[in-house]
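Form predicted alone, single chain, as structure tokens, below.
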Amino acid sequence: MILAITNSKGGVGKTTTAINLATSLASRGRHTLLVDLDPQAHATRCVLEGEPERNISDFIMERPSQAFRAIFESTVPNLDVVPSGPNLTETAELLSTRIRREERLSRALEGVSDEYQHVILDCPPVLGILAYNALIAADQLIIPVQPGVGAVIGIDALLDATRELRDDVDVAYRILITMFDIRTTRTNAMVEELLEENRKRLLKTIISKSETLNQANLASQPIQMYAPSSRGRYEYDALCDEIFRLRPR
């Protein structure tokens, strides 16, 4: 299954979720591929040492038969990565001139996805050509949402873009509550609102607000490596278990 971790709103734990979900899946013995589509390349730094000669730009711009050359073994067993790189912003501009530009990623993945049980796409926090490629390639969208004012702003635009790109009104997606603080009354009210309006789309797993997760991000490490006994680690493991049960439709 190809999962796009996406939200056009920044600061919602999107990359944190991509990194730790991919790591948790890999730790369960699931051969997993993490594709870093974010020019900030934080996911790459968390699971890959050094600067590889090839990256996501090569993965999507070269012939699909050559896509495997941009895949590298990560520091996590069972987890491979297509790294981001400093030329990704330039690549995005170049893509806009290509025919079938929104399908480049899905075509590249066709040649390698059979080798993996899960493919995790870490999307940029903007609705542009890179995100469009992920929206077409994904079997399921996972949309991290931080409770609070404006939490769901942008979700409708994201879903409308996906429907238009796919020419399909039926978009498979789930909403993941992140950075949840049980002490905040407004947060609880927001969750109740989401439960009412998106009950069938809301994942049961909730990722709590956590200083340990913040520290792991600053250290550029998956939470499973940085703090294996932490609450954040157990919550992402619970998300992993829930992902096992998901179906694209």
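Throughout, we count residues from 1 along the sequence that is shown. In this text the structure is predicted, and so the values were computed from the model without any measurement.
Quick note: we don't show the form predicted in complex with a small molecule, though the next part is all about it.
The closest heavy atom approach of residue 179 to the small molecule in the predicted bound form falls within 4.5 Å.
Of the heavy atoms in residue 54, none are within 4.5 Å of the small molecule in the predicted bound form.
When contacts are judged by a 4.5 Å heavy atom cut-off, residue 233 does not count as touching the small molecule in the predicted bound form.
Looking at residue 210, you'd find a heavy atom of it within 4.5 angstroms of the small molecule in the predicted bound form. Exactly one of the stretches 201-209, 55-63, 22-30, 220-228 approaches the small molecule in the predicted bound form with heavy atoms within 4.5 Å, and it is 201-209.
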